[in-house]
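Just the one chain here, laid out as C-alpha cells, in the form predicted alone.
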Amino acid sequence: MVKTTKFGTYRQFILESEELRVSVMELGATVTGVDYRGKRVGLGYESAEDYLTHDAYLGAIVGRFANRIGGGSFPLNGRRVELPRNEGANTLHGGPDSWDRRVWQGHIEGESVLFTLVSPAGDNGFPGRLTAAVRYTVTGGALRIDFEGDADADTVFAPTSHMYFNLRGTGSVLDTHMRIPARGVLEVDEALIPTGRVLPAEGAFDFSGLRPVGQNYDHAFVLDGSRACEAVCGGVRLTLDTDFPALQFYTGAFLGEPFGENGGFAVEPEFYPDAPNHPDFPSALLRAGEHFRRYAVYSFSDAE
C-alpha cells in the first residue's frame, strides 16, 4: 500500500506492508524513516527543515557520483573534466548543492514510488544532460531500490542511497554484529582517496563472519557476489543485496545531533570511490544512449 502525506512543505510517500513502513519525501528522494514491525530502524530528522541545515546526506539519494573524486577532476574522452571541490581538494557526493538538496518529481506506480530528477549539462561540472530515476518498492520485510539513468552525452554516473540504520533503535551501533562477504578493501590515503590497491579484508576489515563493529569505519569493501552485508542487533536482522561492485561502510561518527556519536551506520552500495581516475576499477562511465540500471534490496527479519 502507498499513500501520500506532507512533511513540512514537501510531499511525502508512505510505503507499507504488514512488516515494514518506509517514508520517502520528494526533497532528495530521501528516506525519512524505516520502521520494522513498529520499531524505528532507519534514521530520520524530526522536521523537513533539518535536512537542509545538516550535511549528513541522511537517507538521501546522492549523485551524480557518490563518494569521492580525487582532486575534483577526471579524464573523459581525451579531456579533463573539472568539478567544484567541496571536501578539501576533492569532490564528495557530486559536489555542492548535491542531489539531497534537489526536489525530485515523485509519483505512485502501483505498489511503488518513482522519483525522477533532470540534471542539466554542466551540473556541478558533469557533462551531459542526465535524467535519473529511483524507484522504491516495499514487499513483505524488504525495501527494494532501483536506480536508472540516461544521458545525452558521455558522462559518469554512480548514485547511491545514503540511509543510516540503528537496528536497536537508539544508542551506539558499535556493538552491532556485521558480516561483509568481501574479497578485499580499497586502500586509501589520508583524504580517503583510493590509492588503486585492493588490500585483503583481514584484521579490522575481516567481516567474513558476524562480529561486533567495534570501531569507526569509512571504507569501501570490494564485494564478492550479490550479498553485500548482514547486520544483527536488537533482535533485528538486516541483509543487503545489490549488483553494485562495492559497499561503503560508514559508522556515522560525525552524524551529529540528535543521534550522537556512532548513532547510526550507513551501508552504501556503490561504484568504487574515485573510479573515473582508475582505469582498472569497474567503470562508472555512462555513454550517451546507454541505459543505466542497478538495484539494492534491504531486507529486515527477526533475529534470535
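Residues carry their position along the shown sequence, with the first being 1. Everything quoted here is computed from the prediction, not taken from an experiment.
There is another form of the same protein, the form predicted in complex with beta-D-galactopyranose; it is not shown, and what comes next is about it.
S.K.: Tell me the stretch among 23-31, 51-59, 236-244, 37-45 that has any heavy atom within 4.5 angstroms of beta-D-galactopyranose in the model of the complex.
M.R.: That would be stretch 51-59.
S.K.: Please pick, from Asp152, Asp175, Asp218, Glu82, the one residue with any non-hydrogen atom lying within 4.5 angstroms of beta-D-galactopyranose in the model of the complex.
M.R.: Filtering the options by heavy-atom distance leaves Asp218.
S.K.: Exactly one residue in Leu192, Ala201, Ala133, Ala142 has a non-hydrogen atom within 4.5 Å of beta-D-galactopyranose in the model of the complex; which is it?
M.R.: Exactly one residue meets the criterion: Leu192.
S.K.: Is there a heavy atom of Leu92 no more than 4.5 Å from a heavy atom of beta-D-galactopyranose in the model of the complex?
M.R.: Residue-level check for Leu92: yes, a contact with beta-D-galactopyranose.
S.K.: Using the partner position in the model of the complex, report whether Tyr250 sits within 4.5 Å of beta-D-galactopyranose, counting heavy atoms only.
M.R.: Contact with beta-D-galactopyranose, yes.
S.K.: If we define contact as a non-hydrogen atom of the residue within 4.5 angstroms of the partner, is Asp274 a contact of beta-D-galactopyranose in the model of the complex?
M.R.: Asp274: no, not in contact with beta-D-galactopyranose in the model of the complex.
S.K.: Check whether Tyr164 has any heavy atom within 4.5 Å of a heavy atom of beta-D-galactopyranose in the model of the complex, and answer yes or no.
M.R.: Flag for Tyr164 set to yes.
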